[in-house]
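The form predicted alone is given below as one chain in structure tokens.
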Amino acid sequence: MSLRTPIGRARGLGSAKSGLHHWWMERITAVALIPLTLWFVVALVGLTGADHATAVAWLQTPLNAILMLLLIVATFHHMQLGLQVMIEDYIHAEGLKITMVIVEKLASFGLAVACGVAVLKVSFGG
């Protein structure tokens, strides 16, 4: 039996500072994805049966291009945060865990940039 208090036993077992930021970012991106996803679904339904020129003209509208970029950023950031939590929770070998987190962060960033470049290229008529 220990005479230490629960806070005394918990001290030195790790910081709770970065986890709270991670948790908040997951919640913020989830909330941002709700209206962005609804906008995207409504837009896709509206473009059903449209030809390529109509879809390109739709994406060349500044508001649609901006909302699409925001959707891309929020989606890939939310995905990266969720994958990081899964990797940290289920991979126990420290070296593999660090490698996987780095790979998933780079892959998420690379895919988000590729999608963003595609949207910008279409929206600027390139």
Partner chain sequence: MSTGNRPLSPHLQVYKFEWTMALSIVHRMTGVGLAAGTLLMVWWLVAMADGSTSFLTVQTVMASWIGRLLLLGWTWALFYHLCNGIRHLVWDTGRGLELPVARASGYVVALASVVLTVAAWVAGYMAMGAL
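Treat the numbers as computed from the prediction; the structure is a model and nothing was measured. Numbering follows the first chain given and starts at 1.
This next part talks about the form predicted in complex with its partner chain, which is not shown.
Within 4.5 Å of any heavy atom of its partner chain in the predicted complex lies no heavy atom of residue 66. Taking non-hydrogen atoms only, residue 83 approaches its partner chain to within 4.5 angstroms in the predicted complex. Proximity of residue 62 to its partner chain in the predicted complex: non-hydrogen atoms within 4.5 Å are absent; the residue sits far from the partner. Using a 4.5 Å cutoff between non-hydrogen atoms, residue 118 counts as a contact of its partner chain in the predicted complex. Contact annotation for the candidate site: 22, 91 and 124 all lie away from its partner chain in the predicted complex (no heavy atom within 4.5 Å).
Contacts between stretch 65-87 and its partner chain, counted in the predicted complex as any heavy atom lying within 4.5 Å, involve 68, 71, 72, 75, 76, 78, 79, 83, 85, 86, listed in sequence order.
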